[in-house]
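Given next, in structure tokens, is a single chain: the form predicted on its own.
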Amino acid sequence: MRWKTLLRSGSALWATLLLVPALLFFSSGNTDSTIPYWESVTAQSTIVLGVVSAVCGACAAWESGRLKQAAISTWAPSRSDLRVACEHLAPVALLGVLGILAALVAFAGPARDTPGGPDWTVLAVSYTVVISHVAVGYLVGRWLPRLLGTALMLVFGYFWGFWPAALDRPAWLRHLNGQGIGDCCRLDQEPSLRSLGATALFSIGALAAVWIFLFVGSRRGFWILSSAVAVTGLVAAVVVAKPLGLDGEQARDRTALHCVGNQPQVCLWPEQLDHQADFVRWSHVAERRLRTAGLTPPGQMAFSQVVPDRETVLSVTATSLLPLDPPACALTPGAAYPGDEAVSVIYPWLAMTAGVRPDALQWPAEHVRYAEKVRELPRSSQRTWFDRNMRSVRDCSIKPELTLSAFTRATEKPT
């Protein structure tokens, strides 16, 4: 059948006129927190995958209902049932491509001037989700009246596309529908291959089961085979997804890092290299001021910003002296961790020591004011205060000492 006839008589064209503008409008309002990094942009564009797959599944149910109503299967068999289905579902499959690309275009603005391009693995896996909905929609349309089947796929597709991501448990469920990577990624992360693999296994299993059920044969053995394929796909997807928990990202390949300088050595991702001079200059400013205060920053630094600003680079360099995670003693259920109280004031003190203005700190005002008072102490007293309270950060049994009079020494001028 000619494409012109398929588009004129089918539902895909009308759905496109509604879906694509809606995706562009909705997605463009959700890019404020998007990192200008192609893997992040591509992963976050899957947030609207539930809408695309629901609409495509509904269109497939509508097309299947039309074919059933026309009783095409009773006509002279010049074409196989599979060929008839593929011809009528081709515009729906194309609608899925347009929907995925429209979401990508809407999210891609921040990354257009950065190296690389879209993550085609993510886009391919997203398309398997869409095609599996098309297959299930075609099956539903064979069983139910046209309007009922269309409505069911629209509601079910939307529910399945967004409900799992709202649940804490079971965490693996969100990796089956393509939403596991929706919150990815920082610059040092990329979409998890496990999450993508789980999505692909589940979607391909559903697609294969529908294909066997509808087009391979109608004998009892094919019903059993179709069910076995669907269950196998589900079990395999769960096995792959279960170790992930809620996380849908993995560490980025560190061979892409470009490290320059020393004391500290500044390591940058390709997206940051255009601003290398600023990263290096400001991190070295922070390093000199920390050494003046008697502190030694780490020998290697990395940053999460693509476009740096002075205050953030100074803060990150200074606060790299704090551990990323609490000690093991604080991770046991019900454990008290007095180090939180110490960190709340050590953080602004380190940042200001590196040269950050107090009014530029995004930190509780009372903690900033306390840190300013610490800065009024003699330099040696400040170092003693820091060393004493860092013990609380590393050891759950040591309470912080935040009484400034305990560190006052009048023999040295304030810094």
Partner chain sequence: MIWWLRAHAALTCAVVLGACMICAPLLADSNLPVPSLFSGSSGGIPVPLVLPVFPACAMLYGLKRTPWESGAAAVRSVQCWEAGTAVVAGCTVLVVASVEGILLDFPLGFAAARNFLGYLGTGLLVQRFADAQYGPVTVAAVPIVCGLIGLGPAGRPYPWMWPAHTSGSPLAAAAAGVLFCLGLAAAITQRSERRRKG
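Numbering follows the first chain given and starts at 1. Remember, it's a predicted structure, so these values are computed and weren't measured experimentally.
FYI, the form predicted in complex with the partner chain isn't displayed, but the following is about it.
The partner is absent here, but in the predicted complex a heavy atom of 47, alone among 35, 390, 47, 377, sits within 4.5 Å of the partner chain. Checking 163, 211, 222, 337 against the partner chain in the predicted complex, a heavy atom within 4.5 Å turns up for just one residue: 163. In the predicted complex, the partner chain sits within 4.5 Å of a heavy atom of residue 25.
Looking at residue 158, you'd find a heavy atom of it within 4.5 angstroms of the partner chain in the predicted complex. Contact check for residue 150: a heavy atom falls within 4.5 Å of the partner chain in the predicted complex.
Contact between residue 154 and the partner chain in the predicted complex is found at the 4.5 Å heavy atom cutoff. Checking 226-234, 140-148, 295-303, 340-348 against the partner chain in the predicted complex, the stretch whose residues place heavy atoms within 4.5 Å of it is 140-148.
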